[in-house]
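Read the single chain below, which is given as structure tokens and is the form predicted on its own.
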């Protein structure tokens, strides 16, 4: 099974055009959407979004204190949020990336985790091809260009719904990233930063700097071959997201739970 919707070819996807929100609201909208789909009140959904202010998101199982320099985030006005997906800590720069979410019934994806990652990764690969950028999927959940990482992804499956989201790096400032993220041993921080600079790339490094061009290409990659309709959030989803943003994703109890 290579395409996302192989088992349910007649499904119509809802596409939410790119939006900009706080970290808490972005994560809350993903969860509100997943809930609506589980309740049969919304179609499978693809959305793109940005983070303003820039933010750090940590994986569900991570320790905030071990992964994030909280004081430095406050100093720089960088948001902090805990995702409900796993994976590592990620710095989301407002100008430096486009984030996507794919939220749909599990039955539309492969049951094998790696294969399901590849199904979505193929959409990114197709989109980047529109920009003459050849990307390659590397299990479990990365995409590389010329041997360097350009996209990381994470997913969770709950209540019969798969939620997968990830970033496509338009630009990357590794020094800024590690000013807010911690490394296990401060003595080797310079080496870690140098190593990451060698292992990570961005579309800017590939000579592509127009954000709108990148967005249009990614839209093509994710929507090609699907029946889809441009949509918007329902009132119920927005109300639920507002509550989740305030009482869960923006609340210290959730952010500092580990």
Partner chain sequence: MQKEIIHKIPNGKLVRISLEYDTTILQKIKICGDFFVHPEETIEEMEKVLRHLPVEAGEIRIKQKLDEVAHSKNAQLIGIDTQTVASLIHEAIYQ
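Positions refer to the first chain, counted from 1. What you see is a predicted model; the values in this text were computed from it and never measured.
The same protein has a further form, the form predicted in complex with its partner chain, not shown here; the description that follows concerns it.
Participant: Pick from 109-117, 127-135, 172-180, 71-79: which stretch has a heavy atom within 4.5 Å of its partner chain in the predicted complex?
Facilitator: Among the listed stretches, the partner-contacting one is 109-117.
Participant: Although the partner isn't part of this model, could you tell me whether residue 258 comes within 4.5 Å of its partner chain in the predicted complex, counting any heavy atom of the residue?
Facilitator: Residue 258 belongs to the contact set for its partner chain.
Participant: May I ask you to state whether residue 63 is within 4.5 Å of its partner chain in the predicted complex, using heavy atom distances?
Facilitator: Output for residue 63 is yes: heavy atoms within 4.5 Å of its partner chain.
Participant: Test of understanding: in the predicted complex, would residue 147 fall inside 4.5 Å of its partner chain by heavy atoms?
Facilitator: Residue 147: no contact with its partner chain in the predicted complex.
Participant: Contact with its partner chain in the predicted complex for residue 151, defined as at least one heavy atom pair within 4.5 Å: yes or no?
Facilitator: Residue 151: no, not in contact with its partner chain in the predicted complex.
Participant: With the distance limit set at 4.5 angstroms and only heavy atoms considered, check whether 67, 141 and 155 all reach its partner chain in the predicted complex.
Facilitator: Heavy-atom distance to its partner chain in the predicted complex: all three under 4.5 Å.
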